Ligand code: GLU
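The chain below stands alone and is given as structure tokens, in the form predicted on its own.
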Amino acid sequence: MIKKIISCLILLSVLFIAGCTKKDEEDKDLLSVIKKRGELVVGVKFDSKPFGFIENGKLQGYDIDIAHLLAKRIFGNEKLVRFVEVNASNRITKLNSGEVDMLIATMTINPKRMEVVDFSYPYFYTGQAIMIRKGTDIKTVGDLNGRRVIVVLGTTGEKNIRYFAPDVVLTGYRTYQEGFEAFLQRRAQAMTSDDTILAGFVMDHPEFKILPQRYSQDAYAIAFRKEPQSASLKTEVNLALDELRRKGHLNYLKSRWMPAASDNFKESMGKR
């Protein structure tokens, strides 16, 4: 009789521990945490038209719309998302510190970043380009040797441009807007970044243009903390991106935020 009682107690203990372990895992699972919180927290850029930018006091853009669509899938309400401003220099730090749940911030996939974060499926493809003033004698990347070119710190632009123009003189800035302001003030003869980012500047400044060559082929993806707790959230996001792609929503967002009405933009995208 005593043996039976002991066996029952042991069994109950095992079941209790297993139940607690399962509950602990659920409590730590990021997707479960987000659902309990009732809000998705996303790191986005505020200075990267047409992906994330402020105009007339409103945060908008391609990446912003993606975040709203993810919130709609998770909560059934696209408004249940809070945006945190990030830039190329601090975005991974803000992600891994837990300040944001994910990054939707024109972040390209590369092996170095894959060592510290996990990525979703790609949601947009881009390539590095060069923006110049119309009428200058810069025609190719080789013409940048010996000239000053603006890059944004924390991006892949510096390494790529040095490969094609070893003698380029690079000037780094913390954000795209700071870099562009320096370009407006003629502190450099060119600026290099993803073609989509540069196209956002060209849309508002027809005195500039983008050279037709591309110096990389990159994919933007959503970044997550590299930990088991993010696995279910990453799966949910990948399912959402698959659905958005199948139903044509990603193409719609591209046509909305990158309209063919801009001749400069058509030129830059058509010759990739």
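So that there is no doubt, residue numbering starts at 1 and follows the sequence shown. Since we're looking at a predicted model, the values are computed, not measured.
As for the form predicted together with the ligand, it is not shown, yet the points below apply to it.
For the candidate spot formed by 36, 229 and 234, no residue has a non-hydrogen atom within 4.5 angstroms of the ligand in the model of the complex.
Look at 149-157, 162-170, 93-101, 71-79: in the model of the complex, residues with non-hydrogen atoms within 4.5 angstroms of the ligand sit in 149-157. Looking at residue 141, you'd find every heavy atom of it more than 4.5 angstroms from the ligand in the model of the complex. Mapping the unseen interface onto this chain, residue 133 falls outside it, with no heavy atom inside 4.5 Å of the ligand in the model of the complex. Within this chain, residue 88 lines the site of the ligand in the model of the complex, having a heavy atom no more than 4.5 Å away. Mapping the unseen interface onto this chain, residue 46 falls outside it, with no heavy atom inside 4.5 Å of the ligand in the model of the complex. Contact with the ligand in the model of the complex, judged by any heavy atom within 4.5 Å, is made by just one of 53, 224, 220, 62: 220. Residues are counted as partner-facing when one of their heavy atoms sits within 4.5 Å of the ligand in the model of the complex; in 99-121 these are 105, 106, 107, 108, 113, in sequence order.
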